[in-house]
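Read the single chain below, which is given as structure tokens and is the form predicted on its own.
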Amino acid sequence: MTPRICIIDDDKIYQFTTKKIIANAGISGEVLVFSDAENALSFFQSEANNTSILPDIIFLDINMPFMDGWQFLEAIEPLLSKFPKQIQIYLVSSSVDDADTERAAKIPYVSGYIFKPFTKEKLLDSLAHLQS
């Protein structure tokens, strides 16, 4: 399986290093990258029925300007049941605030919470859940 991966994060260095980690892990295929959640949401709204374009997994930053990860989750929730395939969503953050992890745990469509720095091991662990 070649998973389609989506990164939503405003940090260009994080985007670059995550793409390198994905490539170094031997994961081929297109990686969708969005620097802000609003553009990502527009993409998901316009491509909601396009199985070949939709990603299998989203790595979503919590802290972003304009629309943060929490707001993105609220906005995309009504779309999730309309997607022709299941998309796993992982929150990725440098925040170690228990309130964030507890909030994430209460959202049934969030697959997990990953603390930055993002590593190859964390990537492979999240992909293993995708394939099971």
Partner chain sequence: MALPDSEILQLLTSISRELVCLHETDGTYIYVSPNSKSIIGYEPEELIGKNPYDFLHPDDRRLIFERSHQPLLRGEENIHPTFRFLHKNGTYIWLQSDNRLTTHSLTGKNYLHTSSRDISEKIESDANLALSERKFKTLFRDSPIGLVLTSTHGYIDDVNEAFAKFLGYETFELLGKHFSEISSTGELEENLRYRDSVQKGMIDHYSIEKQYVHKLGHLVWAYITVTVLRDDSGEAIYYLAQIIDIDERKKTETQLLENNEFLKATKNSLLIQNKQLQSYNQIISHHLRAPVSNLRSLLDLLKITGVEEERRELQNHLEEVTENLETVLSELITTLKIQSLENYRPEWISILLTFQKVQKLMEGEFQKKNVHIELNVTEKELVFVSKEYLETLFLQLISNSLQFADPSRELRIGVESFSMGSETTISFSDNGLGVDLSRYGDQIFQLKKTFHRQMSGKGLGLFLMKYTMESLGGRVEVRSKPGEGATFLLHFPNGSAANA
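No experiment lies behind these values; they were computed from the predicted model shown. Residue numbers count along the first chain shown, from 1.
The next section is about a form of this same protein that is not shown, the form predicted together with the partner chain.
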P84, G26, P65, G29: which sits within 4.5 Å of the partner chain in the predicted bound form by any heavy atom?
-> P65
Only one of Q88, Q71, Q45, T101 comes within 4.5 Å of the partner chain in the predicted bound form by heavy atoms, so just point that one out.
-> Q71
Classify L124 as contacting or not contacting the partner chain in the predicted bound form by the rule of any non-hydrogen atom within 4.5 angstroms, answering yes or no.
-> no
Consider V110 of the chain shown here, and say whether it contacts the partner chain in the predicted bound form, taking contact as heavy atoms within 4.5 Å.
-> no
The partner chain contact at N50 in the predicted bound form, heavy atom, 4.5 Å | no
Applying a 4.5 Å heavy atom distance criterion, does D56 contact the partner chain in the predicted bound form?
-> no
Going by heavy atoms, what in 80-98 lies within 4.5 angstroms of the partner chain in the predicted bound form?
-> S93, S94, S95, V96, D97
